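Only one chain is shown below, in structure tokens, and it's the form predicted on its own.
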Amino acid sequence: MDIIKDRPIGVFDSGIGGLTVLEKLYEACPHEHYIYYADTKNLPYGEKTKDELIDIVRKIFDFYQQQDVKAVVMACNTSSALVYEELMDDYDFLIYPIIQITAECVAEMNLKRIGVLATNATVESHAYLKSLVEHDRMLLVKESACPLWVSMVEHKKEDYEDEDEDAIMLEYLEPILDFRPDKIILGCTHYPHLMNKIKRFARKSLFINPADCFSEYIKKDLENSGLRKTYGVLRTDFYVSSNPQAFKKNASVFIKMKDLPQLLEL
């Protein structure tokens, strides 16, 4: 068991969005060895078909299997929505899908009305709706897609200098706010990076960052499985599928990286 406990944990997303989860994992499990893979070549996942995503994520899982990981964290709502159930029985490491686990946690909050902001693919799959109602059939859920928000995070504000940024935010926020939800789930790991903009239109406490409950769930599950490390120095190996320089620059707001991430096209 100690040998397995010492194995790394894989964390992946299509870009820097998953760093919101990685940051929380650092707090919850500060002695682990993480392998973060940012599939920047295929960004954004929200515009991919289900078959395309299955092929993409299978290659990432195969990579993690070669790295002999003890667990893989799907820090990507879109892949959790479309791929998790297709691949969950094909590998012998633990797999943590962000949507299914977040829905379980949110259902315990005794809420009546929940809004979900997510990518096109996640909304079209109704993964949050299905998962939330599975735990509480009385919940009223409204999902809304925010297709421009990922690129706003990944490519920064300069790409939107000719756009009315407030209009972009309100276009997606207004339908959800009109629903009068008790809470709104930020159903893409990129979206918490936009909170400074979002909170101009609604109070911050209205929004749920899934990374909070997700990281705590993983911590408890690793403990219950006897796989959580309680010793050793935190370590993270970063890999990207394209443009390591851009990833390091964009990630620097959240995580300071000494070296460039390794380039790895799967």
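All values reported here derive from a predicted model rather than from experimental measurement. We number the residues from 1 along the sequence you see.
The form predicted together with a small molecule is left out here; the points below concern that form.
Legend entry - Contact at Thr102, Ile185 and Pro210 by the small molecule in the predicted bound form, all three, heavy atom at most 4.5 Å: Answer is no for this spot.
Inset, instruction - Using the partner position in the predicted bound form, report whether Val73 sits within 4.5 Å of the small molecule, counting heavy atoms only. - result: Looking in the predicted bound form, residue contacts with the small molecule do not include Val73, since no heavy atom lies within 4.5 Å.
Inset, instruction - Classify Phe214 as contacting or not contacting the small molecule in the predicted bound form by the rule of any non-hydrogen atom within 4.5 angstroms, answering yes or no. - result: The answer is no: Phe214 has no heavy atom within 4.5 Å of the small molecule.
Inset, instruction - Although the small molecule is absent from this view, report whether Ala127 comes within 4.5 Å of it in the predicted bound form, heavy atoms only. - result: No, Ala127 is distant from the partner.
Inset, instruction - Answer yes if any heavy atom of Leu227 is within 4.5 Å of a heavy atom of the small molecule in the predicted bound form; otherwise answer no. - result: Leu227: no contact with the small molecule in the predicted bound form.
Legend entry - Segment assignment from 54 to 62, 195 to 203, 38 to 46, 22 to 30: heavy atom within 4.5 Å of the small molecule in the predicted bound form: Stretch with heavy atoms near the partner: 38 to 46.
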